[in-house]
Structures are given as structure tokens and as C-alpha cells.
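First comes one chain, alone, set out as C-alpha cells in the form predicted alone.
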């Protein structure tokens, strides 16, 4: 049975190309994708995850204000009783020079994985398969471990 993932762009961000590419890649990899589109609120992500009985929420942000948009998101998921895998990726901070520092901040916000804007969708899919304990191919295992 296919795993369901929620995908969307958080906050006031209107960048749609990245999630469109990611939606196609996730669908081709066998996931059921609920694409919430752009300018999505935390509440919309939570409602969609609950309604779809999703296993993961994947958030995209390219306009550099994701930290502000994601404050309290993990706590809201917990309050809703959702024990769910969370990923975020994109250009997450204005003037982002040190991505490891950005990654650390978003991990502190409760995200399971944090990706930069240059991440290949296949890398995110391989990580998702690992985190959701879905059988992977040898090539996918190498991507996650590499």
C-alpha cells in the first residue's frame, strides 16, 4: 500500500516549481501525494495530514522566511496527536551562508530532515523511504548513506 505524504509551500511563499517537480518525483516513486500548493498555513498542513492519515509532511520554502513560518509547527503536530515524519527544504533563510547552521536551527524546530535548495528529489525520496522503513534498492541505500 502506498504511503501518503503531504506537500506544500509554507507561509506567504508563492514559489511553485519546486513542489511541482517534487510531486511528480514522489508520485513516480509510488507515494500518494496530497499537494497543498503555495501559501499554505501550518493549520492547513496539519488538517491535511490528519484527514489523509499521512505518514509525512514535506514543506518547501524558497523566499527565505521559513524559520518564522515554522515556529511552533512540531508542537502543533504533537497537540493534534500526529506522530509524523517532517521534512523541510529550499532556500530557508535570507542570506543563508552556512547551511549546517540553518539545518541545526530547523532540527531544533523539530524537523526530521532539512534539505537545501540544491537537493536532488531522488535524495529526498531515498531518505523518506528510509525514514518510513520502505524497502529500497541498493542505489537508493547508497544515496542516503553517501
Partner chain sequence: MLRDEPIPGEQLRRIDEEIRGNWPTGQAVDFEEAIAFHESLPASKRFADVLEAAEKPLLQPRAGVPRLDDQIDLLEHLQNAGQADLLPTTIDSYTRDNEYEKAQQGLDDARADGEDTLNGFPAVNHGVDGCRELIEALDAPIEVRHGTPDARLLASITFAGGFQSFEGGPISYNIPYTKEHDLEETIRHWQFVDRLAGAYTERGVRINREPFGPLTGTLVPPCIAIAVMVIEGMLAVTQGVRSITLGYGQVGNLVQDVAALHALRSLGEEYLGDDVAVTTVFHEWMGGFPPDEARANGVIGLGGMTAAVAQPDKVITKSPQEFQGVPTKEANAAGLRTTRQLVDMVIEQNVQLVGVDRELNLIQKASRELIEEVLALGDGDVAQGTLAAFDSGALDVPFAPSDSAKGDVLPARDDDGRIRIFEFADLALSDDVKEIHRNRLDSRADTEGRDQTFRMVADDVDAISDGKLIGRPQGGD
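Just so it is clear, the structure is predicted and the values come from calculations on it, not from any experiment. Residue numbers count along the first chain shown, from 1.
Keep in mind the form predicted together with the partner chain is missing from the figure; the text below concerns it.
*Asks:* Find the only residue in 43, 120, 53, 98 having a heavy atom within 4.5 Å of the partner chain in the predicted bound form.
*Replies:* By the 4.5 Å heavy-atom cutoff, the listed residue in contact is 120.
*Asks:* Can you tell me which of 33-41, 79-87, 66-74, 104-112 lies within 4.5 Å of the partner chain in the predicted bound form, counting heavy atoms only?
*Replies:* Stretch with heavy atoms near the partner: 33-41.
*Asks:* Give a yes/no on whether residue 28 approaches the partner chain to within 4.5 Å in the predicted bound form, heavy atoms considered.
*Replies:* It does: once the partner chain is placed as it appears in the predicted bound form, residue 28 has a heavy atom within 4.5 Å of it.
*Asks:* Is it the case that residue 24, even though its partner is missing from this view, gets within 4.5 Å of the partner chain in the predicted bound form, heavy atoms only?
*Replies:* Residue-level check for residue 24: yes, a contact with the partner chain.
*Asks:* Is residue 20 close enough to touch the partner chain in the predicted bound form, meaning at least one heavy atom pair within 4.5 Å?
*Replies:* Flag for residue 20 set to yes.
*Asks:* With the cut-off set at 4.5 Å between non-hydrogen atoms, does residue 132 touch the partner chain in the predicted bound form?
*Replies:* No - in the predicted bound form, heavy atoms of residue 132 and the partner chain never come within 4.5 Å of each other.
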